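Listed next as structure tokens is one chain, alone, in the form predicted on its own.
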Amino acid sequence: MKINVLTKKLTSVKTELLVIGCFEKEKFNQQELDKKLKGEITKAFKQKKFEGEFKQFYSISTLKSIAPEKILLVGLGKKKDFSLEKLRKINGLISKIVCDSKIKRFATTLSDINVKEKLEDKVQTITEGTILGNYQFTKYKTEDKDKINELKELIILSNNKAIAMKGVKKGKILAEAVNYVRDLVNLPPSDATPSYLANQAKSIAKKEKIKIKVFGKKELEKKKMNAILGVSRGSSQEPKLIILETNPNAKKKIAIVGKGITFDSGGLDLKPSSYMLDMKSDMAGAATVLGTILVVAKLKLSVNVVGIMAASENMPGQSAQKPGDIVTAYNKKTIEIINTDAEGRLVLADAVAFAEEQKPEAIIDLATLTGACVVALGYSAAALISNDDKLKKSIKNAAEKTAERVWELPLWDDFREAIKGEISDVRNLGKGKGYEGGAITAATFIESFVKKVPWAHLDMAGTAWFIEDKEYSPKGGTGYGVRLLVELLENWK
């Protein structure tokens, strides 16, 4: 999508649609426009057809009295309740409305609404909301492709083009990376294999001049990363550990680690078919790491980011890992396999242990790890579990700024006791029936593979994949976590 910033008067912009934002119970201040439309806007307010309530929309035809063909009044709600997230949601909805109306080009005045937020931030948010709301996954559509409408151009009207363009640039980089992650997560598992993820990483590394290493089965065997290898045993697809590194000369180094189970059947502890259908999304953590690395490189952030993607399938083939097996992980810790469907924590065990060897200031892992997280938090927030208060605070601040929400769960010794093994060092499922405090015991298992480095775990099982459309997030892959991580890395202290 092309995005331009113009300083023209709104009545002279040639466009199919002009979007104007209005706060609830505030007087409409575009008197010249209303006059040219013969009082149609004032009439809409007087007749209470439009009152500026949040998510309220009202369309007016200009009948060629001005350059725009139509006006869309957009309700922003009460001014005191305004936030950038509400602006992002409104622009996501506008994008969908425009698309459904077969409009290909529209202009907006929303960057000039009179609120305390900076112009650059408002424009960035408008850009993000529009691009994210316009997302459609159409790669495999062969019929009626001519009926699929995509926006071609967004015109942002602003009095300060230079500052506005900064917001456009950053917003576009972020939103396009999020949509790239959505594409990866939405791909069928027959296409998005561990090798496919590795090739995508190589392509990005080459284009953005990023350091990359890819460990295949032979390298993983040589390094004795048996937790990853164990998960992959039932699959014909070769596992991969993908390591990307940006800005290696920077003083500050952060490791981000993503679970990349490209399809999770549950292994021999087979999932019910209804739960298996969306398990192509079980690599969303790894996809988020790749999308974040892409943004870090494009924005040239002054931090050394090591992105690690642990990619494998979890299948019930004839050599599949069995309940009761014991594997020795990369850090020499032994693991009893209680349930083969608790596989994400296994690939992360080797990956975080390897990440710690890179000597980062902190490790953050992301994973669609547990159904227990969805039970606890639904689709509204990722679970945050960490061994470091400063790191927790930084992640919470980034989540608040980006509206990619997190909710802290405790990390108590009770949970550490629950994953202690009887015939091994640790077990991959908590004691009891296995589901008690499931999101926490899973995170505690991962923590046991980190020795000294500040560590945080984000269980994004409910936020990485939506079962219905939201304002700027579609059904399916959401791209959750990219904006949060970039905000965190950009302000790392």
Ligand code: BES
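Because the structure is predicted, anything quoted here is derived from the model rather than measured. From 1 onward, residues are counted along the sequence shown.
FYI, the form predicted in complex with this ligand isn't displayed, but the following is about it.
- Proximity of 176, 182 and 292 to this ligand in the predicted complex is absent: no residue of the three has a non-hydrogen atom within 4.5 angstroms.
- Contact check for residue 341: a heavy atom falls within 4.5 Å of this ligand in the predicted complex.
- Although the partner is absent here, residue 262 lies well away from this ligand in the predicted complex, with no heavy atom inside 4.5 Å.
- Taking non-hydrogen atoms only, residue 279 approaches this ligand to within 4.5 angstroms in the predicted complex.
- Taking non-hydrogen atoms only, residue 372 approaches this ligand to within 4.5 angstroms in the predicted complex.
- Interface residue among 211, 161, 118, 271 relative to this ligand in the predicted complex, by the heavy atom within 4.5 Å criterion: 271.
- Interface residue among 456, 461, 440, 446, judged by heavy atoms within 4.5 Å of this ligand in the predicted complex: 461.
- Contact with this ligand in the predicted complex, judged as any non-hydrogen atom within 4.5 angstroms, is confined among 186-194, 87-95, 301-309, 279-287 to 279-287.
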